[in-house]
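Next up: a single chain in structure tokens, the form predicted on its own.
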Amino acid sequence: MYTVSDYLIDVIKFIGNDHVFGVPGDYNLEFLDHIVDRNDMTWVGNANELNAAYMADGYAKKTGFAALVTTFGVGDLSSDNGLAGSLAENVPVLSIVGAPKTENMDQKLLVHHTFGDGEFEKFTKMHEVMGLKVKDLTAQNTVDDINEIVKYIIKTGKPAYLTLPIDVAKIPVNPSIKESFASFFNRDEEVTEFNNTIAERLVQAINNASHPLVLVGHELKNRQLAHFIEKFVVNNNLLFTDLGLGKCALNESLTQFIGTYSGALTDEPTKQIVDKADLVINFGAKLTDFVTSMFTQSFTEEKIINISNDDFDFFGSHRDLIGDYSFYQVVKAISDKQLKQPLTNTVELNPVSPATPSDKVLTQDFYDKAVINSIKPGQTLVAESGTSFSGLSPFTLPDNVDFSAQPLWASIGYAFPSMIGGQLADNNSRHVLSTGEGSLQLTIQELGTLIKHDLHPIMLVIDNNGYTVERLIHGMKKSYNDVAKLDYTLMPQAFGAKQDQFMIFDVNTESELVDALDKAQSTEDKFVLIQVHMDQEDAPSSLTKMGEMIQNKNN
């Protein structure tokens, strides 16, 4: 019998997902039967719900959609920090929560995984207050409600929340309704006159500018819309930059790329070009604290046209343009526009200096150069918040390399499970993760998931006795910034890896690091873990300056 469970899973599959993340619980077990009984869908199965949410986030950044399944109350709330990060950074994740039988909820029974007060709706209300679109499925209009929530995710690129009671999951559905999926969940939109007018006015503004500059961001990237703007930029030879949030939205090997911008701490010549710009067209970027060096960007509202996921403005206003705005439609419309004449911009970026190794003890600055020099075209570099993000995000990356981080929500521990999610979504792009041991200790349980699915990323663990970014902000030598000392080279075996599944390196010097990276990159059929020892007070120079800025802002 074809049921609501089958329909929901078919929707997830139609949108392009082959994996579902989460943790089993008695309120979702029968729904999970419908996943594992299929031969075209993989139940990933996570160590905990928070990690599952992080993993779904990383998966959705690659595919444009991900599904997460938890159980009512305990599992649901455990995933919320990850779901909040998806909301903050506009990542399209569907949270499916297995709920008690409708009859039990109607009778307000004091069942497990609740507060024992008979009030079941408060969990949905929590998520509504967070800002998520929510829906409690019932026996009435079930298919329409599923369609509504999924269409919302497709249209906005934002996460959403769905409760699925045990009995509702079993309701029969006419399987012929699947024939309408193409019309129900069509990602494409016809450009309306109103949204085309916005695009034309934007082109007019560029034509009138002396030094226009395009800024691309995470909203464009996470909604899989960057190809529209890349076409516009290349055809018109427009200079563009990105931020650490949304880095590599466009291919950074394009000749129009001027480097990654980070406010006052930006390297030259990138900073000079941005400072000189008399028009900045912002496609889906948010000027947040960490990616602008505490709001030190040189351009003001009077120079910016914002085309964002939720709204638009021309130099701080759009009072004369009133209509049904669509981010998708505007960037689609702009892709085919031509300026009066292509610009004649040329940029010479400073190449990454080679990391010539010696037997010196490793420093953070050498580490960053060595990692960047090791990255191959087509790979994905994942950076944990703090040391790794600050040290690696300023560099221009090779052809078709992707970059993933979470600098706005900045939840430490995010990067490792997110990397696994991204690797599952795109196994053709080998993922390289740089993380610190403080962050990794929060989510290392998912090493078992990585091994179970026989994935082959490269993971560098910076071992420097604690939370470097927190030390730089406050408490350099305070014990609350210390973490437990672990031997990470023992971890693959401890989490079930066989000897032929992994390689491990324990490095202290420049030469040892470069040798380990060379061997890691040439060994594509194994998971590689590199434990990297550095002094606890060593940090990228940019992070040291940022720490001072954050401390001043906090005081």
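The structure displayed is predicted, hence computed values, not measured ones. For every residue, the number given is its place in the sequence shown, counted from 1.
What comes next is about the form predicted together with a further copy of the same chain, which does not appear here.
Asks: I need to confirm a contact call. Of Lys452, Lys376, His227, Lys276, which residue comes within 4.5 Å of a further copy of the same chain in the model of the complex, counting heavy atoms only?
Replies: Contact residue from the list: Lys452.
Asks: State the residue from Lys151, Lys360, Lys478, Lys340 whose non-hydrogen atoms include one within 4.5 Å of a further copy of the same chain in the model of the complex.
Replies: Exactly one residue meets the criterion: Lys478.
Asks: When you measure heavy atoms, are Ile15, Lys332 and Leu392 every one within 4.5 angstroms of a further copy of the same chain in the model of the complex?
Replies: Judged in the model of the complex, none of Ile15, Lys332 and Leu392 sits within 4.5 Å of a further copy of the same chain.
Asks: Whether Asp463 contacts a further copy of the same chain in the model of the complex should be assessed with a 4.5 Å heavy atom distance threshold; does it?
Replies: Result no; Asp463 lies far from a further copy of the same chain in the model of the complex.
Asks: Does Leu433 reach a further copy of the same chain in the model of the complex, with heavy atoms at most 4.5 Å apart?
Replies: Although a further copy of the same chain is absent here, Leu433 would stay clear of it in the model of the complex, with no heavy atoms inside 4.5 Å.
Asks: Using heavy atoms and a 4.5 Å limit, would one call Leu442 a contact residue for a further copy of the same chain in the model of the complex?
Replies: Leu442: yes, in contact with a further copy of the same chain in the model of the complex.
Asks: Taking the shortest heavy atom distance, is Asp80 within 4.5 Å of a further copy of the same chain in the model of the complex?
Replies: Residue-level check for Asp80: yes, a contact with a further copy of the same chain.
Asks: Based on heavy atom distances of at most 4.5 Å to a further copy of the same chain in the model of the complex, which listed stretch, 96 to 104, 362 to 370, 204 to 212, 184 to 192, is the contact stretch?
Replies: Careful reading of the contacts points to 96 to 104.
Asks: Using a 4.5 Å cut-off on any heavy atom, which residues of 73 to 96 would contact a further copy of the same chain in the model of the complex?
Replies: Contacts from 73 to 96: Gly73, Val74, Leu77, Ser78, Asp80, Asn81, Ala84, Leu87, Ala88.
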